[in-house]
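The chain below stands alone, shown as structure tokens; this is the form predicted alone.
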């Protein structure tokens, strides 16, 4: 299967998840690259099977049965695939895979200053597809024995140790290495192996750190993650994480050595593959993008926003306690009953709301049986998205240059060079993924969950990942980015609507007051009215100029107060969503008024 990307015609890709292994067949057709078939099977990384390839072969068999295409050989001495040669309707050219089975990649990071090196280390680990179990820093207000105790009880796959700018103080990062030595945590897999540690701190302390940790760890030294106060250098650390992921995590998971032998490219962590797809698409199109994958236990948020110099910056965060089944009670605890209930269009006692969500937590695979159950689940989704975005904004920051010289005594207090990257007014596209969004009964329901949960502002296109195809496309993009983007555009992304949300500082505004005029293709499409949500259905796929003109100099529709927005757009399934509810959301004090407002909003877009 050693073919150039120009010779490729058929590619089989799996995502080995914690519960399900999903296989997709990508083919080069007369219309270009397309996703042509899919197969699913339970992941078999756990006992009694304890061999991930069994689940993968079951998924391949389903594709084979559905398509009639010969994919698997009778013998699996080397790899199990029929290779396409003379007959283009038989075999495959290439097999690729991603994985989050066995809990995915789990890491601990350590730095000196929480909002400097530790935060940079988190961004590096998260961007590489990891879940960060713990972030240790010298200024985290814990006593030394508390840090040692915490680290000792972790079973990370990899530790990322950072601290200090190049040429700066070595004291704190050496102390962090000594803390790690005292704790001596064991890796999650391979009890006979040493702990994988990546050192990405002050280069002048590298030899001393290696000497300290050599009794307990296998150490990889890479370039400093924060060579100066004003610059991040995340690439080398991320590469080292991927290398350790393959050699220490994947190779010691049941059956992965066999899976690795089937593919010529490295198996990627699922979140890293999704992040690569989001990042490459945003950068190739020049778009600012926000993407959320909301699962049963966690919510991943990916973003690409431009920094002060106009360069695209990618970020990923994991909200490990926010999910729709296993972690649904955590959403309840963090958001509160009142915050969830405010999105409902029917009366529900807080006690019953809590009981229903607890039932979902102990029966995580159940699905809503009534409309009320569905609306409650969608209300939880709104709060999970809101909270995960708050978490994401805390880590998605840029660094301003030109800082004045500071001594070591000033380092712990320096935070002034950080600025928030996420600017909802500049957001071009939001993508939703995960069961509650991808499989909502109506696409407009998914759009409303994202509109409300993320509190969209200005003019933003809303889309969903049709069948959670982005991990497969992310690993394909590492070899054939053009094919991956073609499939992404035609088969993966479902464009739902463009949301238009004016933000204003006007007081005593009567409900129904016009906030902005909207035209498309030179024709008036409608008006955004204060306190109301209006759905304007227009022809799907129509392209033209969208013009949004604010009705007052105190109203911002995305270009600044009083300035109109002009964009060339292609319309999705459901045209335009005009939202005049201002940001942040304003709620009536009366419970009956709130209920009436929610009922009116859902009825106006046709999903009540």
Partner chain sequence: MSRAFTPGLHVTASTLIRRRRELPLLGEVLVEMGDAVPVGVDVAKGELPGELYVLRLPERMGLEVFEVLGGLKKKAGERVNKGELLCEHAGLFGLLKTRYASPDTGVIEFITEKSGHVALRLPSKPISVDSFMGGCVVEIEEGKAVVLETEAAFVQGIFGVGGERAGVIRMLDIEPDKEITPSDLPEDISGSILVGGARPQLEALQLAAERGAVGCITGSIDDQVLAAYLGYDLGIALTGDEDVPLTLIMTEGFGNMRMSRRSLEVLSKHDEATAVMNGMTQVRAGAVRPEVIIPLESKSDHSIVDEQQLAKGLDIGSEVRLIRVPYFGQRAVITKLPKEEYQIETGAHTRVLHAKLESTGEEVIVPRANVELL
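Residue numbers count along the first chain shown, from 1. As the structure is a computational prediction, the values presented were derived from the model and not from experiment.
Here the subject shifts to the form predicted in complex with the partner chain, a form of this protein not shown in this document.
Partner contact region in the predicted bound form: 361-369, out of 305-313, 226-234, 361-369, 493-501, criterion any non-hydrogen atom within 4.5 Å of the partner chain. When you look in the predicted bound form, the only residue of 390, 509, 333, 193 with a non-hydrogen atom within 4.5 Å of the partner chain is 333. In terms of contact with the partner chain in the predicted bound form, the residue from 114, 535, 354, 252 that brings a heavy atom within 4.5 Å is 354. Contact between residue 208 and the partner chain in the predicted bound form is found at the 4.5 Å heavy atom cutoff. Proximity of residue 527 to the partner chain in the predicted bound form falls outside the 4.5 Å heavy atom cutoff.
Using a 4.5 angstroms threshold between heavy atoms, residue 179 counts as touching the partner chain in the predicted bound form. Put simply, residue 85 is far from the partner chain in the predicted bound form: not one heavy atom of it is within 4.5 Å.
Taken together, 36, 81 and 486 are entirely out of contact with the partner chain in the predicted bound form: none brings a heavy atom within 4.5 Å.
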